[in-house]
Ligand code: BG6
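The chain below stands alone and is given as C-alpha cells, in the form predicted alone.
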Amino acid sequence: MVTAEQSLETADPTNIVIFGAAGDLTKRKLIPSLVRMLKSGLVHEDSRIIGVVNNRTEEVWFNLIRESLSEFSPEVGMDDEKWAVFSSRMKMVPGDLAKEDTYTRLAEALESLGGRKNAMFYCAVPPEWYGEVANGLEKSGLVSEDEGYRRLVIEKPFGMDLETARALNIELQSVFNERQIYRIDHYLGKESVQNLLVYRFANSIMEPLWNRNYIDHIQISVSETLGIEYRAKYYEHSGALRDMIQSHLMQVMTLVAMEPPVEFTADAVRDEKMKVLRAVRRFDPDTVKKQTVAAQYASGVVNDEHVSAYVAEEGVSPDSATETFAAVRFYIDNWRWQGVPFILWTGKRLPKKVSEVMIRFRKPPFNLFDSHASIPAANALVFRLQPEGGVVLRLNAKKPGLTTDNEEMVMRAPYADDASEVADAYEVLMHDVLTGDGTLFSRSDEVEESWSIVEPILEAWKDRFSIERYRAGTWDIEAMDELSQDCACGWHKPT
C-alpha cells in the first residue's frame, strides 16, 4: 500500500465512475485499491464512487461490495464504522449500458453531487462495450471538460489484431481526445516494473554496460503455474502471444531498450518507447518459423497436484491448437542494440510463478581458469518483477578452499523489506489517472505499432492444425532450447 509518508500528490475531488461495478475486476481490484487510496490520502475525501450496475438494487450492490472486501481484501479491516464512512461515498446508477437513459441517469447523478465536476470513467467491462460507453457519455453531455476534466480508462486487450485496434482507436478518438484516454496495463503499474527506469537512469554504473558491446542477449519472461482457469472463451481466441507478449512483455521491452528521455513526462517517455517499437525488425514467414515458439500444456503435475491438459479444460475445443506457451526472438535495429536478441516468453502450467527481466552479459574474452574444473558462466543481472521483486546479480567467484576452482555467486537485493510497502498496481495507475499522468499508459500509436509487429506471427499461426505439447509442471519445451541455443548459457529458466 502507498503510505501517506511517501508524500504523493492528492488528487482533486473526482467522481470515480465504474462501469461494470458488480464485476470481478471491481470486486477484486478496483474497490480494494480505492479503500486503501482513501486511507492513505491519495484520493480526495470529497471524491465519490459511482457504480453503474444492471439488475440490482443499491442495497444489493452495497452488500455485494462489502462481502467482496471481506473475501478478497480482509486486510483492509472493514468493520461497521469504517464501512459506514466508505459507503457514504458510494452511489449506484442502475441501467443497461446499451440504453441511452442509463447515461442520462448518470449525468443527473453527477449533477446532484454539486461542485465535484471532475470525472474518471473506468470501463471494467468487456472490450466490446468500450465504444458503446464512449458514445453514451457523449450523447449525455459527459465528455465536455468545461467544468472539470473527463478521463476514460479502458483495460486490455486493446483490439485483437491491428485492424481491430485501429478501429477501437478511431471509435474512442471520435469522442475523446487522445490525452483523455488511459489504456491501462496493470503490469506497468507494478512498482518493480517502474523501478526499471530508476535502475537504468539513476545509476551511472549501468549506462556504460547497457548496449551491444557488453550484453549478449536479454530475456523477458512471465512464467505461471496456473492454467487458464475460467477464461477459456477468451483464451481460445487470444492465446499466449496476444494475452501477454503483444501487451505486457513488449511494453517492458521498450522500457529496457529505450534511450534516456529528455524529461520524465508522459509524452517524452512514450516517444522513446515508440522509437524502440519502430526499430524492431519485422517478421516474414521464414523468420516466424526460426524466431518464434508456440506450445501447449499437456497433463502433468504442478505443485504436487495432477492437472489436466489444456484441451481437457472446460470450454476448450478438444482439437485446439491455441498456444499456452509463446516465445518470440526480437531484434532491435538501432545503434545501441544491433544484433542483441530480445527473447520474450510466457507460459502457463510451468514449474514456477515468476516474472523476470534477465540481462545476460557476454562471456569473458579469455578464460584464465579453463584448467580449474568449471568454466565461468556469463554474468547476469536479473530484475525480479514478481513475486518478491528485487535485483539478482550472478557473478563468478572462487570456491572456498585451496584451489582456484570457481562457481557462480548469487547476490540478492530485495526491492522492499516489507511487502506491505509495495503499492498495488491499480493503486499506482488509478492515482496516475486522477492526477493526469499518462506516463505508464499506452498511447494509440504504441498500441498500433506493437500489433503491426506481431501481425505476421498471428497470420502464420492462425491456420495451424497441430502444436508442440509440453508436460504441465516441466520445462520440457524442446523448441525453446533451440530458440536460445546460440545465446550465452541458453534458455534462462527461473529458479
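Quick note: we count residues from 1 along the sequence shown, nothing fancier. On a predicted model such as this, the values are computed, not experimentally measured, just so you know.
The form predicted together with the named molecule exists for this protein as well; it is not shown, and the discussion that follows is about that form.
Although the partner is absent here, R270 lies well away from the named molecule in the model of the complex, with no heavy atom inside 4.5 Å. Residue contact with the named molecule in the model of the complex: D243 places a heavy atom within 4.5 Å of it. At a distance threshold of 4.5 angstroms between non-hydrogen atoms, R231 is in contact with the named molecule in the model of the complex. For the chain shown alone, F86 is not a contact residue for the named molecule in the model of the complex, no non-hydrogen atom being within 4.5 angstroms. Listed stretches are 279 to 287, 128 to 136, 185 to 193, 298 to 306; the contact stretch with the named molecule in the model of the complex is 185 to 193, by a heavy atom cutoff of 4.5 Å. This chain appears without its partner; in the model of the complex, the one residue of H248, K117, R394, R329 with a heavy atom within 4.5 Å of the named molecule is H248. Of the candidates E224, D161, E313, E356, E224 is the one whose heavy atoms come within 4.5 Å of the named molecule in the model of the complex; the others do not.
The candidate spot formed by T292, R471 and H492 lies out of contact with the named molecule in the model of the complex, as no residue has a heavy atom within 4.5 Å of it. Taking the named molecule as positioned in the model of the complex, none of the residues of 455 to 485 brings a heavy atom within 4.5 Å of it.
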